[in-house]
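Below you'll find only one chain, the form predicted alone, shown as structure tokens.
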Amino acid sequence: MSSPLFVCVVDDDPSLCAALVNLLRSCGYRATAHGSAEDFLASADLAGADCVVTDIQMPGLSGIDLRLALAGRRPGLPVILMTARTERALLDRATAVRPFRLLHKPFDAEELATCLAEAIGPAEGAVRP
């Protein structure tokens, strides 16, 4: 039996991180949260992650900066960017770094589950939200 797929959530909002980690675990993924891109890049989780879900707007490195850093360190790692912002310039910058997907907040659990299934496959014994 293989271990569950591992998703890392990176967001400076602790309540959103906790909610997403709980959702991912309920779907059958292994999940952890990091409060900043810098924390994630310095963690051991970087080596084992199957996918990263990150907010764009964060203090320090943005989700866009994180995507660029990961392109150099883990080129095949799917990165899902999420944002509530609607400025065209920001969305164009986000799209230009070629994330697996750009999710617009608020999104529902089914949308995230579908996105992850497309990015890395369904969780073992997946339970759809």
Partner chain sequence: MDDIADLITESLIVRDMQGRITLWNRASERLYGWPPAQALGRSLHMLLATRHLFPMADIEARLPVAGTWVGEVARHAADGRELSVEVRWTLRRDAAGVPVDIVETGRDISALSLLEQETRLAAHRYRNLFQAMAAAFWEMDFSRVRLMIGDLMAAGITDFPRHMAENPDWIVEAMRAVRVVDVNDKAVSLFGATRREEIVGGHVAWCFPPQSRQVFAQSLIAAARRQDRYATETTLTRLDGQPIDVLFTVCWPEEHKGRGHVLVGVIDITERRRAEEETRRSERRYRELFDQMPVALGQLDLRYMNGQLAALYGDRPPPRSEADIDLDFIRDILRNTPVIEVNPRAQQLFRAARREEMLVPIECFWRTRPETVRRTVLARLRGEPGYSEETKVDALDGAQIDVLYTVAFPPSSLERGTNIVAFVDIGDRVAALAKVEQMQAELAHAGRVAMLGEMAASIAHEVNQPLAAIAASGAACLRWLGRTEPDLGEVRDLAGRVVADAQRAAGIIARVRDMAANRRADHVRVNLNELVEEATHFLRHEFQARQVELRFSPTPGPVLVSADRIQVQQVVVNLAVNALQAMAEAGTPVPRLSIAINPVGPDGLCVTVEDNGPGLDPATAPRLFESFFTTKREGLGIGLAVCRSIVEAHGGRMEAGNRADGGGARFWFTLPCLIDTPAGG
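If you're wondering where the values come from, they're calculated on a predicted model, not measured in any experiment. Numbering follows the first chain given and starts at 1.
One more form of this protein exists, namely the form predicted together with its partner chain; it is left out here, but the text below deals with it.
Visitor: Consider Thr95 of the chain shown here, and say whether it contacts its partner chain in the model of the complex, taking contact as heavy atoms within 4.5 Å.
Guide: Contact with its partner chain, no.
Visitor: Can you tell me if Glu110 lies within 4.5 angstroms of its partner chain in the model of the complex, counting non-hydrogen atoms only?
Guide: Yes, Glu110 sits close enough to its partner chain in the model of the complex that at least one of its heavy atoms falls within 4.5 Å.
Visitor: Please tell me whether any heavy atom belonging to Pro78 falls inside 4.5 Å of a heavy atom of its partner chain, as the geometry stands in the model of the complex.
Guide: Pro78: no, not in contact with its partner chain in the model of the complex.
Visitor: Flag Ala84 as yes or no: does it have a non-hydrogen atom within 4.5 angstroms of any non-hydrogen atom of its partner chain in the model of the complex?
Guide: Although its partner chain is absent here, Ala84 would touch it in the model of the complex, with heavy atoms inside 4.5 Å.
Visitor: Even though its partner chain is not shown here, does it sit in the model of the complex so that Gly48, Arg73 and Ala119 each have a heavy atom within 4.5 Å?
Guide: No, the whole trio is out of contact, none within 4.5 Å by any heavy atom.
Visitor: Can you tell me which residues in 50-85 come within 4.5 angstroms of its partner chain in the model of the complex, by heavy atoms?
Guide: Read in sequence order, the residues that approach its partner chain (within 4.5 Å, in the model of the complex) are Asp55, Gln57, Met58, Pro59, Gly60, Ala84, Arg85.
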